[in-house]
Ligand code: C5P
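Single chain ahead, written as structure tokens, the form predicted alone.
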């Protein structure tokens, strides 16, 4: 029990997986100013780790420590925003009411590059909402959790699905899709150290930096239909070229960051296979049948960076990682693994 007589929080560890847009079609402009999307998104085994613990005695508020890739621990960080928003949502109904849920000490281990189209900040927020509820022993109706997630950012609701999903609206409408049939495919991620502003990319799109045909929407709708019918990994790999072009924000990203064009072309030549873009960029990706194949490709890219085959753009060497698409529910098991193999929550 806390000093105020309310139940104390427990320690919770959650994996916050990166996401990959296999397709991304922009289908219109909404009355609220956001663009309406039709996107097939999948979570990846690559992820940040969010750990929430009881704050030290006497702490006046939530705190955040960050390890791993650099990101600013400002009050605008989505981990702190998610804790505060979750506290507001459960203040009147959690088991310690009328006391406020107590302060939490958050630790974020950052493994997902920021401003890269991989949804790292949004995933951190979704993981933090779930972790804060568990830490406080609180609960919310599913609809309230979805509303809370949507209030934190357009991509946040996707990460509640725990697997592949069709994402529409501005990102708040999420329809889970079946997993691929067979062992999940691997993904090579290559992200230049060239952060790209999502609002800037959408502004460029609104300014007519867009594709001439609705090919991305057609590819996205086909992928959804085939996943619902049962799509094998080999069939997904066979349409890699179609998927690599099924992103309506590619032209806008190239307008915002012209150096990406040469980088993508060089990467495609080096790998000898189609290269796609996740979200608004700058992350590029290629699909592989196995993690071993993706790791070999990652080594090839690192050699290309060293010998100049890959052009140098941005501030430093690109982020290169081989990972896999996560099947439904696997992020929970991986969270336990990141906690040393223990259960993802424990008492003080």
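Residue numbers count along the first chain shown, from 1. None of the values given here were measured: they were computed from a predicted structure.
One more form of this protein exists, namely the form predicted in complex with this ligand; it is left out here, but the text below deals with it.
> Check residue 202 for me: does it contact this ligand in the predicted complex (non-hydrogen atoms, 4.5 angstroms)?
So residue 202 counts as contacting this ligand.
> I'd like to check something about residue 58: if you look in the predicted complex, is any of its heavy atoms closer than or equal to 4.5 Å to a heavy atom of this ligand?
Taking the distances in the predicted complex, the answer for residue 58 is no, it never comes within 4.5 Å of this ligand.
> Residue 87: heavy atom within 4.5 Å of this ligand in the predicted complex?
Output for residue 87 is no: heavy atoms all beyond 4.5 Å of this ligand.
> Does this ligand come within 4.5 Å of any heavy atom of residue 153 in the predicted complex?
Close contact exists here: in the predicted complex, residue 153 approaches this ligand to within 4.5 Å, heavy atoms only.
> Taking this ligand in the predicted complex as the reference, which of 44, 37, 52, 40 has a non-hydrogen atom within 4.5 Å?
It is 37 that has a heavy atom within 4.5 Å of the partner.
> Select from the listed residues 146, 81, 170, 111 the one whose heavy atoms reach within 4.5 Å of this ligand in the predicted complex.
Flagged contact: 170.
> Residues in which of 58-66, 296-304, 318-326, 28-36 have heavy atoms within 4.5 Å of this ligand in the predicted complex?
Looking at the other structure, the answer is 28-36.
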